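A single chain, nothing else alongside it, follows as structure tokens in the form predicted on its own.
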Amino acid sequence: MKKQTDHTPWCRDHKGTVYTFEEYFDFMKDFHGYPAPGLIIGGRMVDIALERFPKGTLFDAISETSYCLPDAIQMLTLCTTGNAWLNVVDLGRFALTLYDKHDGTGIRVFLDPGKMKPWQEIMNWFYKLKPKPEQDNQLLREQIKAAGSDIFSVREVQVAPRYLEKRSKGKTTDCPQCGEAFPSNHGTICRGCQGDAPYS
């Protein structure tokens, strides 16, 4: 296990910009609003995947949770929910994959339960063994920093063909019910009028 120092690189972005733990900590606060433990860990996970990818590879990303990891991916890669290069497939697992856009070969990095066991405060946070107010945030950050890459496992994966298909909204039409424009492949009326709108 390599001890993390104040000057040890914690993660890098797709351009090769390297962040120390403290620099990434500040970056997180600016982007996410709070230096969440999952986002600290997520930065390291993205870095692990990036360093295993050949330079110049065009890649997409999958996050297997909707919490924290999508932000780490968006902060450190060109993959965002807005450009549809980031797929959030909420399986409830703390895992991410970067994969080649063309052939679907990828690197999956996940927080490994067996490897977390020596790090009690990480276990307390991840498994919610203590209520949040009773967790020691300072100790948690120190353990995340000290653990470095030791709490993850990495697998080569092949992404399912449906994630390689070019996504298109198709033609746009006006909803006969509300009058707003929507993709015609959603049906005869927009999804909002079909009952999927998030409003009462």
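Here the structure is a predicted model, which means the values were calculated and not measured. The term rigid core refers to the maximal set of C-alpha atoms that superpose within 1.5 Å between the two forms. Residue positions are given as counts along the sequence shown, with the first one as 1.
Here the subject shifts to the form predicted together with another copy of the chain, a form of this protein not shown in this document.
*Asks:* Honest question, do Phe53, Trp119 and Glu142 all end up within 4.5 Å of another copy of the chain in the model of the complex by heavy atom distance?
*Replies:* No: none of Phe53, Trp119 and Glu142 comes within 4.5 Å of another copy of the chain in the model of the complex.
*Asks:* Gln138 near another copy of the chain in the model of the complex, any heavy atom under 4.5 Å?
*Replies:* Because no heavy atom of Gln138 falls inside 4.5 Å of another copy of the chain in the model of the complex, the answer is no.
*Asks:* Using 4.5 Å between non-hydrogen atoms, is Thr57 touching another copy of the chain in the model of the complex?
*Replies:* Heavy-atom contact with another copy of the chain at 4.5 Å: absent for Thr57.
*Asks:* How about Asn124: is it within 4.5 Å of another copy of the chain in the model of the complex, going by heavy atoms?
*Replies:* So Asn124 does not count as contacting another copy of the chain.
*Asks:* Taking the shortest heavy atom distance, is Arg191 within 4.5 Å of another copy of the chain in the model of the complex?
*Replies:* Result yes; Arg191 sits at the interface with another copy of the chain in the model of the complex.
*Asks:* If we check another copy of the chain in the model of the complex, which of the residues in 96-110 reach within 4.5 angstroms of it by a non-hydrogen atom?
*Replies:* Sequence-ordered list: Thr97, Arg108, Phe110.
*Asks:* Indicate whether Ile189 shows a C-alpha shift of 2 Å or more between this form and the one not shown, with the rigid core used for the fit.
*Replies:* Ile189 C-alpha, core-superposed: shift of 2 Å or more.
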